[in-house]
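Have a look below at one chain only, the form predicted alone, in structure tokens format.
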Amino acid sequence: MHWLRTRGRATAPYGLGLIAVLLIPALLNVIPGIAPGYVLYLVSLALIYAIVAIGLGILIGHTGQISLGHAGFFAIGAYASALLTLRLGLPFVVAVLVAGSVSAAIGFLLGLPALRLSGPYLAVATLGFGLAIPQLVVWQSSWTGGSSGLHGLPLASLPLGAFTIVFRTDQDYYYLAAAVLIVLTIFARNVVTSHTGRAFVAIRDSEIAARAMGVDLVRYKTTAFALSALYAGIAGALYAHLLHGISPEDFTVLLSVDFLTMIVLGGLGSIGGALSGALLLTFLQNALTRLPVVHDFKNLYIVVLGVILILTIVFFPQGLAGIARSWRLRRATRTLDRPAGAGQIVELGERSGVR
């Protein structure tokens, strides 16, 4: 029975998340004064950013490898999918898988020089990568459209036997983004709780100790980069087809800072924190751009972004996930302070590691 209760608590967030995904479109249709289509578009964008944030969280939060160039992987996935569907006419699903694979391969290659770099040196190296990708896109204008970008991408579609589901509306694409996010979230959770995830954490805590315990640094560092880039590439492909067009100015270094802010705000090393940070920051950015003062102060969002980073690091170093963790700990402490039956005492002791 205790195993069932523990298993239920572990899977409860996924069940609640699935219920929320199904209910959001219906709730938007009955709330007055909002445009359901635009809100669903905004939520889809946040879910796509959350995919990048989860992958980046594995790299930084679990492995301790800093990256400021994930906008580059995001751009690679977006342009790969756009070129494959627009120029070569490949199906959307194939294009997304290839885009993710290409990003993962480049991430693996970028992880090789990272073996000799750490801290600010690694951050600068990845920053240079993120700055170089948009310039390469402009340089290869015959394929990528240069500064004008690529437009008129075909609609996303999913073949199911004799039928093909075409994602035409904002609500359709919302369900697609949510489904991909759910699958990749479950996969990420399985990775971080596996032997690979424990090796990532060992490298983050101490590379010397990890090597002494037999952890292959080359294998696991490059795996972390490749896995993180895979998530960014898939998200980039979804982003390109959500907007039906992309250009190099969509993938500036500020986007990499946004991704970093999402995982810091949500909590490093937390998959749920990466998701909540992505949602919060996306909606915050949209709200700030609608303020009248923005017309007089165009860089307001950048200023607010910097303030959020400073305040989060100073007052909430573990982010939203840390706040939720502290709340659960206080709740468990209050439960221990109250008189309890023998069964409750045993369960609380097992939960806190007491035998």
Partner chain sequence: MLSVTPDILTDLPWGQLLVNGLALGSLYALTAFGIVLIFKTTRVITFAQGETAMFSTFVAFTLLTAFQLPFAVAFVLTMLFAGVFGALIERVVIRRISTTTVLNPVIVTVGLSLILLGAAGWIWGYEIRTFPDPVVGPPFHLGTVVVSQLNALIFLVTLVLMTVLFAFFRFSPTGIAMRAVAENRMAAQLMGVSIGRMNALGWGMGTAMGAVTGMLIAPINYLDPSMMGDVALKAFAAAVVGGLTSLPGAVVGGLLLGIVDSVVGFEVPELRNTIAFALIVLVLVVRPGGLLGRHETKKV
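Note that the structure is predicted; figures quoted are calculated from it, not measured. Numbering follows the first chain given and starts at 1.
Just so you know, the form predicted in complex with the partner chain exists too; it's not on screen, but the next bit is about it.
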Name the residue from V307, I323, I34, L27 that puts a heavy atom within 4.5 Å of the partner chain in the predicted complex. V307
Assert contact residue (the partner chain, in the predicted complex, non-hydrogen atom within 4.5 Å, options I182, L254, A105, V166) equals L254
Tell me whether I60, Y121 and G128, taken together, all sit within 4.5 Å of the partner chain in the predicted complex, counting heavy atoms only. yes
Even though the partner chain is not shown here, does L268 get within 4.5 Å of it in the predicted complex, heavy atoms only? yes
Can you tell me whether L68 touches the partner chain? I mean in the predicted complex, with a 4.5 angstroms heavy atom cut-off. yes
If we define contact as a non-hydrogen atom of the residue within 4.5 angstroms of the partner, is P159 a contact of the partner chain in the predicted complex? no
Is L110 close enough to the partner chain in the predicted complex to count, meaning some heavy atom within 4.5 Å? yes
Testing 95-103, 279-287, 135-143, 174-182 against the partner chain in the predicted complex with a 4.5 Å heavy atom criterion leaves exactly one stretch, namely 135-143
So which bits of 186-215 sit within 4.5 Å of the partner chain in the predicted complex, heavy atoms only? I208
